[in-house]
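Before any questions on how it binds or moves, here is one chain, the form predicted alone, in structure tokens.
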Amino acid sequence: MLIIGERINGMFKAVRKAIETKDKKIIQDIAKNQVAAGARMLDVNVGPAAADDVAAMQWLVETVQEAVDVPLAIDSAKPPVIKAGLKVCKRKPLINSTTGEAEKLNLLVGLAKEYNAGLLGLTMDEKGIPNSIQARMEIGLRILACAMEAGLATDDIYLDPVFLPVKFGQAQIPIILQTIRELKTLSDPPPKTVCGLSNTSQGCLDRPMINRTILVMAIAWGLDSAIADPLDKDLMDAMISAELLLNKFIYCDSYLTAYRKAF
């Protein structure tokens, strides 16, 4: 299971201030702590922290790479900001994210090809987030076909069924879980699946409990990766235990410690 650390995001007050003041230590401490806790990729998002978000993204990527040697997910709604991050990545990056909207999809597939990056595709388009498995599948296939036609390997394509807050879309959760499994049938070898885990618990009182529960359920449905908080030890323990019970590694009494040492 690939955990993509979510904490380097200008939406967080401390990160926003660090970007504004160019405080490398705050950013680098967050990066180191996430990797130490089990993140094998870090999501990097300037958010609303800078007027010049292109320059801020370059600074943020370079700052993180001075501290840790893991791949980065370059996260922005603005293609020029994504491109700025890709230019300075030392390891193979992941673009976060495209949708099924044709103009955006073609542009970001082109960037993925140019910079040898992976591509995360949200199963939504200009019409919004679909209410059905079939509609999400159709968008997923559109993203997958466009990326493969450009020469991207299926291993580099991550499809996101788009987790919705349980507080406002409870009936959608079973549909989203089933979509994870169906997305894996779109090609052979299959694309990878990913989610923005904390979206599910937005607005809820006990967010950690909901996050860990939905993660375990999604792993059972075939989820490969999650953008999540690796500093939540209970969440990480639940993830490791779920993978153990799905026979993804050999049991030992100290399996939690053994798993962490393996990475």
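For every residue, the number given is its place in the sequence shown, counted from 1. Note that this is a predicted model, so its numbers are computed, not measured.
Although it is not shown, the form predicted together with a small molecule is what the next lines describe.
Contact with the small molecule in the predicted bound form, judged as any non-hydrogen atom within 4.5 angstroms, is confined among 230-238, 33-41, 202-210, 48-56 to 202-210. Contact between residue 198 and the small molecule in the predicted bound form is found at the 4.5 Å heavy atom cutoff. Contact annotation: residue 122 falls within 4.5 Å of the small molecule in the predicted bound form, judged by heavy atom distances. Within 4.5 Å of any heavy atom of the small molecule in the predicted bound form lies no heavy atom of residue 249. For residue 25, no non-hydrogen atom is located within 4.5 Å of the small molecule in the predicted bound form, even though that partner is not displayed.
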